[in-house]
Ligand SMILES: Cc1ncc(COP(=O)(O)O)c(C=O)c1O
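Single chain ahead, written as structure tokens, the form predicted alone.
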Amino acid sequence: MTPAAIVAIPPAMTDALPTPRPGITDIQAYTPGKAGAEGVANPVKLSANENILGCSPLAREAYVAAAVNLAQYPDGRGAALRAALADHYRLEPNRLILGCGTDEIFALLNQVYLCAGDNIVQGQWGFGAYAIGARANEGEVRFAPERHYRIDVDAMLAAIDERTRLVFLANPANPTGTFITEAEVQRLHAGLPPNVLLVLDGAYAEFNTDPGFDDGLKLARDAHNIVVTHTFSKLHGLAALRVGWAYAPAAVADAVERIRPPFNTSIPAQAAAVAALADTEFQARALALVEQWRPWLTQQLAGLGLDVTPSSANFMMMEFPATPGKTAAQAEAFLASRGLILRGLAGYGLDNHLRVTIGLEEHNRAVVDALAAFMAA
């Protein structure tokens, strides 16, 4: 191109910069639990609700074996994993959605169903990923007040209006560990307008042994506006591989598939997930660990003067007394100095709370001993 052919750019345009769509720069990015502490070697990470037992050895073997296929694109539809999920849960494969973690599925649902000015409804202490996805699509986020850190069905229904498109419910909830019963979920669903999609996040559902609880798959089977999500990150211990899935009405699954990234779950991740799903022995061990130590931790922490929220997940939340020198932030720092990494919840507006993942016996006893020393100091 000759100099004469170069088109001059008006001076006013040279000062312009690429501009994010409205609301993007107002979003507070998700902050994960800390993984370490300055000056502490090999700390015990109890901040992210990970499976303290690791993952199924069968899943690990499948992951390693899949390494010979790293030059290939994965099956975009994840046929083997779809088939394994459909067989395990007795579901229709065409109604399944695979995601890079359930976070991606939440984002895709927001993208499919929200226009600027629409809104989502979630609990007061709901998981931060729901709101991030809504705001990224210029949606409004409505937080329904909770009672005793527990979803209030009436408050959720009261927050819905003609611009509501999605209702997000983690059951059990993160970061509180509380849940609502199957009957309450049914009442919430019955009160929704037919054009509102109820998203039941079952990331921790496997840990709930209450007879009145159900993850929603039965209810979703014949409903046109319910999506149930599950993850391989918690019970199955595959957090690093980012594999989530959803059971949705066929029309919802079809709409999401139209914008889902084509290769969003990798070959090793799909193979490991199939193997993990089949390893019921590992799942039983992980569940038994939580069921053994959850009541013990609840009792011990309450005995230290902490207000422990009853949990149905693999973690629990505790509130510190309004006493100078005994704040949650100070406790978090004290524990970190002893190599125990817990999750501060100030980002959720729970300034005086910590969340702890249920660990092995030595971890749980170390947490109690350290907090006893902190409270007595």
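Numbers for residues come from their place in the sequence shown, where the first is 1. Everything numeric here is computed off the predicted structure, so don't read it as measured data.
What follows is about the form predicted in complex with the named molecule, which we do not show.
The single contact residue among 122, 231, 110, 178, judged by any heavy atom lying within 4.5 Å of the named molecule in the model of the complex, is 231. Checking 137, 225, 174, 208 for any heavy atom within 4.5 Å of the named molecule in the model of the complex turns up a single hit: 174.
Of the stretches 265-273, 199-207, 298-306, 283-291, only 199-207 has residues with a heavy atom within 4.5 Å of the named molecule in the model of the complex. Looking at the named molecule in the model of the complex, residues 106, 130 and 170 each place a heavy atom within 4.5 Å of it.
In the model of the complex, none of the heavy atoms of residue 150 sits within 4.5 Å of a heavy atom of the named molecule. Looking at residue 95, you'd find every heavy atom of it more than 4.5 angstroms from the named molecule in the model of the complex. Interface residue remark: residue 82 is not counted as part of the site for the named molecule in the model of the complex, having no heavy atom within 4.5 Å. Taking the partner from the other structure, the named molecule in the model of the complex has no heavy atom within 4.5 Å of any heavy atom of residue 260.
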